[in-house]
Structures are given as C-alpha cells and as structure tokens.
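One chain is shown next in structure tokens, namely the form predicted on its own.
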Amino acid sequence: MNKEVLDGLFRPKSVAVIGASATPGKIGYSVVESLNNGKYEGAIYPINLKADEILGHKAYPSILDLEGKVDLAVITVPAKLVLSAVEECGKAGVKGVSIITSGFGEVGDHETENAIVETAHRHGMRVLGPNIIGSLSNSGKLNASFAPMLPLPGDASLISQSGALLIALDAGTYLRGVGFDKLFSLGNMSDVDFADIIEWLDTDEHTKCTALYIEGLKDGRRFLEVSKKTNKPIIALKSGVSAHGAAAAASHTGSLAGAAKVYGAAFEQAGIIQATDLNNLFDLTQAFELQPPMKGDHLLIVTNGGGVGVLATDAAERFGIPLEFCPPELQAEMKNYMPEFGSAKNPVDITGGAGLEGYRKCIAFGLQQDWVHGLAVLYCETAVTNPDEIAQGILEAIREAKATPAGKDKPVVISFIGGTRCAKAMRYLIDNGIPAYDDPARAVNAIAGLRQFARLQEAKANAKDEKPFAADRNAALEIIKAARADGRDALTEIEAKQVFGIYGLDVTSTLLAKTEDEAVALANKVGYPIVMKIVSPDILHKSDAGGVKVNIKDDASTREWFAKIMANAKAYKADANIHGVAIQEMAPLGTEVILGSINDASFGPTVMFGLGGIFVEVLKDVTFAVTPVSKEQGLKMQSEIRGAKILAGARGEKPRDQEAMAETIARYSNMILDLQDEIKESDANPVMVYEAGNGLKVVDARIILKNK
C-alpha cells in the first residue's frame, strides 16, 4: 500500500471532475452537486471543454490547464475517452482516479481496463473502479459520487462491490439508525480492491469497524493476509454462494466445495465475522461501532416478559452462546429487585410488575459482576410502563455500571418489542451509543458477533508459527513430470501415494503388478491379506468399474482376482490405459475420514476434511480451510464437523488419534501449497484413523493435475 497515494484518493485536499456537466440529470452534474451538498472544503475543479462555470465553480477545458496539482480526479466521460483522460491525469500529477464510467471489464472489454491501470501505475496513480458510484466520507465532507447524500454519520466504513446497492444502503442508514463515516464503491476492482482499503482503514481514526459486501475476490490470499493483520472488526456479507464447478469436478473435494464453504472458512481464518444478509450486516455493524467485544461466555439476559426471554434463550444457543444460570449469590441479590413470582435464574425475568426500578437495579448490579461478560436487555411494551422512561432509565443504569472498573468494557444490546413508542425509545438508545433491535433474536445475534470476534482475536493472539514440514519437492515434481510426459492429467494411485509419502503422509504399501505371476510375488512380499485395485489414469473411481477387491488371503485368489479386475476394467472402459493391478497391504479397519484439496479460484490451495463413507457421500459432513493449515487448525477442523463426537469417542468408543490426524492435515496442506502450480484437486480417501496413539493409514490417494 502506498499510503500517500491512497490518502489522495480517499482523503483528497482537492477534487477535479472530468466530464463535469452544467446539465441537471447528467452524472457529471450530479458529482459536482454532491460535492457541494456535502460541503466539501477543498478545491473543486470541474473539467468541461465548453463551460466557463459549473454550479459556482470555475470550469477548465483540461486538467492540464490547472496551475496546482490535484489529489483526486473523478472521471465521468464516455468509455472511449477514459484512457486519454487517465493519461492527462498522470501528466498533471494527480494521485488517484475514481472512474465512474462503465463499459469495461463488466462487458468484456478487459483490454482497455488493463490499459487504464497500466497507464495509471506508470504515473504513480491508483485507480478506483471503473463502473462505480464513487466514494463518500463524512469526516472529509466528501461526496465524490452520484449518491444523493452523505450517510448518517457513524464510526464504521462500508466497502461494496455493488454501486447500486451502496446508493440504497446510503439512504437506508438514516432509516436504520446505523451510521458510517465512509462508503466506498469498488465496481470492477481493476486496481484498488478490498485489501487495499481495509489496510488503509486500519490507520483511519474515524473507522472503528469495516463492513463489506463481496461478490468475488480477485486476490483472496492478499485479502486474507491484510484482514488477519488488522485489529479492527470486519463484518462481511458474501453474495453468490451457490456451489461452483461441481458438475465438472473429478474429485470428491471438487464436488463438495462451494463458494459458501470456502469463503466461510477463509473468513474465519482471517478473523472476519460473516453476516447472513443485509439486515444482519447492519445489525452487526451497529453493535461493533457502538460496543466493545464480549470477552467471556456468560451472557446475562434481563427481561420483563417470559416469552421474549425464551426466544432470546433459543437464539443464544443457536448463535453460539448457550445460557447458564446465574450463580446462587447473584440470584439471591437480584430476587430483591423483582416481585416474588419473578425469576433470577437467567434470563432474569423481573416481570411486568417490576417496572423501571427493576430494570435499573438488575442492570446496575448485573453489569458489575465478574461472572457477567455481556448483557442483553429485553422489554415488552405494557400499559403500565412508558418506553421512553424505560429507555432513559436503562441508559442511566448502563452508564452508571460502565463507569465502574468492574462494569467497564462489557457490551450491552437492547431489544424493545412494541409499537411506535418502542421504535422511538430504541432510536434514543442508539443515538446514545447502545445498539437496539426490534427482535430479541437480532439483539442476541449481534452480541454473539461481539463474542465471536473476541474469540477470533484470542485465537489469533495465541496462534503459534509453524515451520513447513521438510519434503523433497523436486522428487514430487519428477513424478508429476513423468505423468505429464505420458500425456496424463492425473497420477495413478501408486504415483499419488509416492507424492503423499514424500510429504510425510503415512500411506499403505502399494506395488504395481502387470502379470498374475508378478501379482502373486508382490502379494507375498506385502503379506496377506491384501487389497487389489485396477491402476488406470482413465478410471478414477475404481469401485464403479469393479476394479477393487479386498481381503484376498492366498495365491490362488490373487491370480483369480487379477484376471477378474483386468476384465472388469476393460469392460467398463475398452480404451482405458491400464497400467496393471495394485497390490496393497490391507490396513486394519478404523474410523474412515477423507482429506481433499482444491485450487480455489479466489483463495488458491484449500483443504477439506470430513468423515468418510456415507458421511461424505450423503451427509456431506465436511469442513474447509485455506492453506497453510497448522496442526492447531487441523485439530479445530476435526471439531467443526457434525460427526466430531465420533472422533472424540462416542458411546463407549475410545477417542481416535486426532493428534496424528492434525499433523497429517498440516502435512497434506504443506503438500498442496508447495505443489499448487501442479495440483488441481486431490483426495486421500479413505484414511483409516485408529485409537489415540496408534496413528492412521492413507488407504487410497488421488491427484488431478492442472492443465498446462
């Protein structure tokens, strides 16, 4: 990041509008008007070939006619004129160009778009866009866009790939009561992208948290690296999360991977909180800009209605903060603040009869207890209470408690359920720094986000640097090179196991037999019982071809099944290139798991883990992580699947060797990262995992190569 250049782009001291117009309704007019309406305090230079003045500003025929240098040039001229306009900006010493004009990469004209970026970089400039609505900043009084207004002021920033959505959200900030200091439209992301702006915002004193609307990433790895480094919360909404490429995938991993799973894994690894929809994006943003993270697991809920308390309890469990009853001493004290028929367990139900004082005392007392890490206050409108008075009393109690060392830095969320009076009361709370929602589930979801962020930060702080496992990469490349020389885009199982072995994976001993006699000799070398499998780059799913036989115990059976497997393979695919039959040691039965990899379009080498057999085929019980994956992350991946209890030891079974599995995941991750230019997809399936301390065995292996 060149901070000085990005400062000129996002915090300019002067703005030129190239293509400025004196005709209302044209974008060149709207941008100048927006700068005026936002009360921009820097110099504004409309660039127009014919006009002498536009909306109170002297106009110039060319940016080269200006005497001083300009930080930001907003370009609105037709697409065919943009490249020459960028060239002139470079000659004039402009720091950054914001290209509102559309008609480039989004319609297939990548050549001109690339030329624009090359021209800008040659002159030391950066490009925002093209195909954007512009950028907005409350602290800079800058509306360099054709959005109608600056957003409601706040301490968050929003970066959106969609310009139309950004305009809609801009107006919606006033209705929702969620403020932003800055809004950025990215458009085609020809140059400046999410990572650039996230990195720049990390030093921005007006931004406490950043919200993202993402359609796709061009450089997912840099996005991850930058996001990991920032200490400010990032909330992301990813659209377009349907599975991609499944029909053409040649491995289990390829068919199971989708944008939703891979992006979800990447966000978690980067410490990003993922929003589920636009409302949730705003809800989380409001919580993060107004409240601190929740640094423990104990959420206290105070309510005047049992029904909303139950809804909040359900939501807490759904969003990862299962409620616990308050300790007896806390319950005993809070029983003093409610009618006899109230409940102090958690939720603390002060009932409709407790009124304002019940809220005040429970909040002031509860927030100062060491056991309490966060507070959710729920209110149902009643005939005997005034929402305005309740809101004022709640705010006073929160401020009183937060002024003490014990109550400081504990987040609070509110939910009022009722009519227009409740809506007004909630807006009062929001304006005074307390996030408020019209549904208890939304409030609990917001504070769960604050808890999740704290956990992600804890994990980031405790993460240990692990050196990559030593491996002979050149030996692996020689195996791949030989397969390519043979005209193949897949390794045989034996070759794949050789590569796995080079990277330290514990694979079953597997040898190639080309004749019955050779099969018998190798079977005796490996030791009965054995497994026999067809070896053909044209038959990836061997069982489908009748190309697998297990538990062969003698020489006669070995001869018989060699002939059968060869015949089955030829019947399945007459023109298959058959190398022979694999003679493999028969690994003892264990818990079947699968390891897989894809080269994701956004994030590159990505690892999949899950239980094998029906769990992967039918239930698709898998989890993903972007490489590199540490042993610690390997343990976490095992805990993320629905079948985690099977690995941990369920119904009297002893725990599986999760330490060995974690190391295998890390080594496998190292392999696919190291060979990312060669490997498209791969599977280790099944992997037999044994009891703790007894390790595992990779029974089958598959590697699909990239086309070159």
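Note that residue numbering follows the sequence shown and begins at 1. All of these numbers come straight from a predicted model, not from anything done at the bench.
Note that the form predicted together with ligand ACO isn't included here; everything after this is about it.
Undergrad: Could you confirm whether Gly163 comes within 4.5 Å of ligand ACO in the predicted complex, counting heavy atoms only?
TA: Residue-level check for Gly163: yes, a contact with ligand ACO.
Undergrad: Since only the chain is shown here, I'm wondering whether Ile133 would be in contact with ligand ACO in the predicted complex (any heavy atom pair within 4.5 Å).
TA: Ile133 belongs to the contact set for ligand ACO.
Undergrad: Given that ligand ACO is not shown alongside this chain, does Asn386 nevertheless sit within 4.5 Å of it in the predicted complex, heavy atom to heavy atom?
TA: Outside the cut-off, so no.
Undergrad: Taking any heavy atom pair closer than or equal to 4.5 Å as contact, tell me whether Pro78 reaches ligand ACO in the predicted complex.
TA: Output for Pro78 is yes: heavy atoms within 4.5 Å of ligand ACO.
Undergrad: Only one of 503-511, 125-133, 465-473, 398-406 has heavy atoms within 4.5 Å of ligand ACO in the predicted complex; I'd like to know which.
TA: Of the options, only 125-133 has residues within 4.5 Å of the partner.
Undergrad: Which one of Arg642, Lys26, Lys58, Lys654 is close to ligand ACO in the predicted complex, taking close to mean a heavy atom within 4.5 Å?
TA: Looking at the other structure, the residue within range turns out to be Lys26.
Undergrad: Which listed residue (Ile530, Val302, Val412, Ile100) meets the criterion of a heavy atom within 4.5 Å of ligand ACO in the predicted complex?
TA: By the 4.5 Å criterion, the partner-contacting residue is Ile100.
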